[in-house]
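There is one chain below, alone, in structure tokens, taken in the form predicted alone.
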């Protein structure tokens, strides 16, 4: 099993003499005003929670878009701040975007074009020329920030996700000697779906400027190579899993991302989490015997509406669980400036109210929605307390909530109900109960199965899941990426 120390040694061995730079849209820590005071908050997202321990092991520089209202008041003259605040291990360099740039780059092209294009959730992408122009400009900002940090040194640059498809090209134009990798955290669509993108050739050229391009699963690697075959005059080698485009070779590799299993497990046992468990009744009013949990951003790819309909079907098919079962949906609001997301928030609220009205009895109602942000300790408290966790994404590159739930389940009491359309289903099929989230009846049956499963079977399934996730942790993932780069 890889540890933080193993990763540190791997980096020291393979990247000696190189600057280590990560660039992502989202920052791992943000600073917010709390009255007159400034508080440093660890951002809760799959990407940042996964990569923060990697950067703590590696040191180096993390470049990201600033999102906190006190971020400007906490950086130095180079827009940098040391993090984590209690034990600084690396440098966070922040970029500032105007409202127009935020609208065009993030809410526009990233999340109205690339996001729906990449997910089979039947939401049409929107391609606007003005969004594309701003997206290109912001990618140039990221590339410029990377180049500033490289200076005259050798560097390994690790770009993250679909927000930065063009950054590698801009970096390589100035520093062709820089080693650039990109990890794509979401699915890659098949060629037939991708061909509708009006900027497809520029996006592919940007990604093929990388020396290494990683996806969660081999299926997405094949989709990408098929797309290149379909759209570009390039040499694709399916045996080596590489593409040569304009005399530059890009290695294409699957790297299923993990979580910091040991870190999450230890934090889940902390006194802060135990206190948060004791306070859960303020969030989830009793009475109930069975607590089902889901943790998502409110996004149409996460299958929240389908999940609520499955809970409704469960209570309808198995009325003996009425007044005994509560489903707690933590759904952080995101991208609320996009109309599709506004409509989804309203639909989720309306459907939850309709189901609660149908089954409400005395003080009991079956669905509790929480759209407010909760801190990391509360997340872990919910993971430890839930009898089952339902991850029912309609399409997901990996879904780290499933892995975090297992890592936090130190009591071996929970059961994971997992969509077969997530990347994580390929690794966790032997311990989780797999579902088709479009099939409400079978999902209802899966909920019943999770509840009625004998204690011995629950323990055995969870132990199997924990062993899997412990072995395939975040340090192993990062170590494999770095080892592949070292071979270049």
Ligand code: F6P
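Residue numbers count along the first chain shown, from 1. In this text the structure is predicted, and so the values were computed from the model without any measurement.
Here the subject shifts to the form predicted in complex with the named molecule, a form of this protein not shown in this document.
Within 4.5 Å of the named molecule in the predicted complex, a heavy atom is found for none of 4, 12 and 89. Contact annotation: the named molecule lies within 4.5 Å of heavy atoms from the stretch 160-168 in the predicted complex, the single such stretch among 125-133, 160-168, 281-289, 201-209.
Only one of the listed residues (115, 261, 156, 314) places a non-hydrogen atom within 4.5 angstroms of the named molecule in the predicted complex, and that residue is 115.
Here is the short version: of 409, 250, 329, 111, the single residue with a heavy atom within 4.5 Å of the named molecule in the predicted complex is 111. Although the partner is absent from this view, residue 186 contacts the named molecule in the predicted complex, with a non-hydrogen atom inside 4.5 angstroms.
In the predicted complex, the named molecule lies within 4.5 Å of some heavy atom of residue 335.
Shown alone here, residue 47 lies within 4.5 Å of the named molecule in the predicted complex, counting heavy atoms only. The closest non-hydrogen atom of residue 106 lies within 4.5 Å of the named molecule in the predicted complex.
Using a 4.5 Å cut-off on any heavy atom, the one residue of 279-309 that reaches the named molecule in the predicted complex is 297.
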